[in-house]
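As structure tokens, one chain now follows by itself in the form predicted alone.
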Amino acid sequence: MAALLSEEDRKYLVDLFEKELKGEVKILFFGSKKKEECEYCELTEQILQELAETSNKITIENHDFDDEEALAKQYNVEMVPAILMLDANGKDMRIRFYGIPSGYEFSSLIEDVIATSKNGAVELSKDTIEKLQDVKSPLKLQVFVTPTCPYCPKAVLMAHKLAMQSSNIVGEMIEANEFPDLSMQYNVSSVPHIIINDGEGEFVGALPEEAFVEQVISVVKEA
């Protein structure tokens, strides 16, 4: 199978990771051998393997969603292809990629690898960190994206940053075209479309940090 990363991109990542990666990163990939159930699993697995080849600090663990139900349940993996990350201590960063992180979303994957190598240390304002202390029960942020959306990575990374900062938040990227039933369920017609707690709240657009957090906290306050 032909390489997905160009030689130029591979060299860029080798240099970037050599400078930026602090600790080891373990990427858990959940796929399925049933092609009819997971059209993009093979390509997602390939892009992850090529990514791991650019740094000895990145390792990939491949798991079969159908055969490893207990492990999938442990990490609350609900569909495939799924990607999640653990830091050097085995801590789950509470970020999920559902669907292949291609196009603009490949940059989100790279940013998350770097943040995970720093044990989830992310840049957020003092005000945001204070507001996140109000999140005292489980909260799920689902960011619906498409690979051709240039604004989507900003929304994905914001959801993932909040998840890394708060132990009660899970941030998910969902490739809208790969999961049409879910997209239809939430009436996703433009992206990024952010669903809070399975529909308790929602908004569209890559909002600035303060406005994004306000949307999230408004749902928490109403609960």
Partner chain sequence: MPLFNLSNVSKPVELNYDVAIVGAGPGGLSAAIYAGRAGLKTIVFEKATEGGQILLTDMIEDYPGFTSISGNALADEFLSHAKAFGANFANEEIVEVDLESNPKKLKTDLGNEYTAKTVVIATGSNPKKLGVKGEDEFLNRGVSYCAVCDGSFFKGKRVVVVGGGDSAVEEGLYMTKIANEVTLVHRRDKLRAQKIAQDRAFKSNMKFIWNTVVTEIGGTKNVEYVILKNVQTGETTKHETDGVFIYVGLTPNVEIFKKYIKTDENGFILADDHMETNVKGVYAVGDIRKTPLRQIVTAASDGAIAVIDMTKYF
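Residue numbers count along the first chain shown, from 1. This is a predicted model, so every value here is computed, not measured.
The form predicted in complex with the partner chain exists for this protein as well; it is not shown, and the discussion that follows is about that form.
Contact check for 13, 47 and 190: all three have a heavy atom within 4.5 Å of the partner chain in the model of the complex.
The candidate stretches are 77-85, 130-138, 90-98, 147-155, and the one lying within 4.5 Å of the partner chain in the model of the complex by heavy atoms is 147-155. Contact annotation: residue 4 falls within 4.5 Å of the partner chain in the model of the complex, judged by heavy atom distances. Among residues of the shown chain, residue 119 is not one whose heavy atoms approach the partner chain to within 4.5 Å in the model of the complex.
For the chain shown alone, residue 9 is a contact residue for the partner chain in the model of the complex, at least one non-hydrogen atom being within 4.5 angstroms. In the model of the complex, no heavy atom of residue 199 sits within 4.5 Å of the partner chain.
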